[in-house]
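Next up: a single chain in C-alpha cells, the form predicted on its own.
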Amino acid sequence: MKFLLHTYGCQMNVRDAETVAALLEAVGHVQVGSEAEADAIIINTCSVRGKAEDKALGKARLLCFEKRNRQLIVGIMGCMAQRLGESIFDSVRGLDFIVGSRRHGSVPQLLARVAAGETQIADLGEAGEVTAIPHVHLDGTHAAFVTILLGCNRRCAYCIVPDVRGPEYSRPAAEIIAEVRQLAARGVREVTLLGQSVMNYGRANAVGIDVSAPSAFSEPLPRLLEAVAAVPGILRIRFTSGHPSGCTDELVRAVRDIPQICAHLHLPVQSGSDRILALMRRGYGRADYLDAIARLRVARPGFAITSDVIIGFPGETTEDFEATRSLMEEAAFENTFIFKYSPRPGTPAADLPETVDAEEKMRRNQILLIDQDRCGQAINEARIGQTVEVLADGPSLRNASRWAGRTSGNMIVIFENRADARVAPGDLVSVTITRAKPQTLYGELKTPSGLTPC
C-alpha cells in the first residue's frame, strides 16, 4: 500500500510521523510524495491552536470527499484525535480511523483492519500511557529527533498539551543512549533531544542514569547530555523546547563545557509583562527570563536564543504589549515565533473574557514581526565576513543549484556546492558569509579553517 503523512504542529509531531512511516515501511508499505499516488493518507494533528485543528479537519473532509471518486483510506492521528475522540467521526463523514497521541504504534494494524473491511476504528488509549510507543527511525538521514520526555506537567493557563499528551514521563537513559548509538552507527551526526518541556527530564520519574560512572554533573539532563556527547560519531546535540526554570547552573555549565552541545536554545517567553506571565501561569517573571539567557550567553559567547510569543492573551493591555516589545529588544532573539492567542477548550484561560479583538491582535502581530526582522537583520549583518561551520543538509528547497545547512546556532546558510568540493549531506563545511537576511545567511564554501562560532 502507498501512504502519505500530512503533519501539523511541533517537532514532537514530526518525530511521531517518522515513527509511523518507519513502522509502515517495515511491513512493506511505501511512502509517496503526493496525495494522487497514495492509497492511504494519515493526518497527524495538533491542538495547540484552533487554526491548526481547523486546517486538519478541513484537509480530512476534502480527502473523505475524494473517496467518492477513488479508493482511499483516510485516518487522523495525534493530539486532535486525543482531544476530540470519536466525535471526529460525526464531523468528518467517511473517516476510517483515529489514533491517540501515544497510540501511533498501532497504525499498521489499523490500516490492515480497514483494508479488510472495517471502518470508523478508534484507538485512543490513555493520554498518559507509555508502553505502546515505539522509537524507530527511517534510514538515510544525518540528523535525527530523539524523544526523551513525553507529556507535560506545567499546566500553563492557555495550554492543552497536558490534556492531550498526558503527564510527564522521562524515558530511561539507557534506552535513549542505545537509540542514539544505533542512529550514530547509521550515519546520524546530529541529534535533537525532544520533550514538551525538555529541561524537566528526569524530574518526574527515575531515569536510570548510571550514577557510578564518573561525571561532572548530578542533574538528570546535564548527565544525559554528557552521555549522548560520548557516543562516537555524534558531532552535534540540540534539545528543545526549554523553560527558564531549567537553566540551572549545571545546565549552563554543560552548555559551556560539552562541545557537542549546539550554541542555540529555543526558550519560549510568551510575554514580556510580569502581569500577563502570572495570568498565563508560566512560573517565572521577566527578570528571571532575561537572567537565564544572560547566563547562557556569558557561558557561551554568541549563544543564539529563539523564542515564542503569544499576543492578545485575555487582559493584555497596550502597556503589557509594549513590555513584550521591550523584552524582545533586550533579549535580541535570533528568531521569534509569534502567535495570536487562541482559546483552547477546557483550559483556565478559556474562561477569561477576551479583551483584544482580532484586528488588534493582527496589528500587534505585525508590529512584532517587523521588530523581529529588524533585529534579525542587524544580528546577521554583523556576521558578514565571518567563516562559520555548517552542517550540510542538501539542495536548497527554493533553488536546487544551491545547498542549505545550519550553523551550531541554528541559522540557515545557503551556499554554492562546488563540483570540486563534493559536499554530501551530513558533512561539516566552512562557509564565509557574504550576504544576510533576517533569517538566512548566504556565503561561499571555504576550506575548514578560521571558523567563527555561529
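All values reported here derive from a predicted model rather than from experimental measurement. All residue numbers are counted from 1 along the displayed sequence.
The same protein also exists as the form predicted in complex with a small molecule; that form is not shown, yet it is the one meant from here on.
Stretch 339-347 is the contacting one of 197-205, 136-144, 294-302, 339-347, since its residues have non-hydrogen atoms within 4.5 Å of the small molecule in the predicted complex.
Although the partner is absent here, Tyr169 is not a contact residue: none of its heavy atoms lies within 4.5 angstroms of the small molecule in the predicted complex. The small molecule in the predicted complex comes within 4.5 Å of a heavy atom belonging to Tyr158. At a distance threshold of 4.5 angstroms between non-hydrogen atoms, Leu279 is out of contact with the small molecule in the predicted complex.
At a distance threshold of 4.5 angstroms between non-hydrogen atoms, Asp257 is out of contact with the small molecule in the predicted complex.
Contact with the small molecule in the predicted complex, defined as a heavy atom within 4.5 Å, holds for exactly one of Thr240, Ser106, Ser273, Gln270, namely Gln270. Comment: the small molecule is not present in this chain, but in the predicted complex one of Leu391, Val48, Val388, Leu63 has a heavy atom within 4.5 Å of it, namely Val48.
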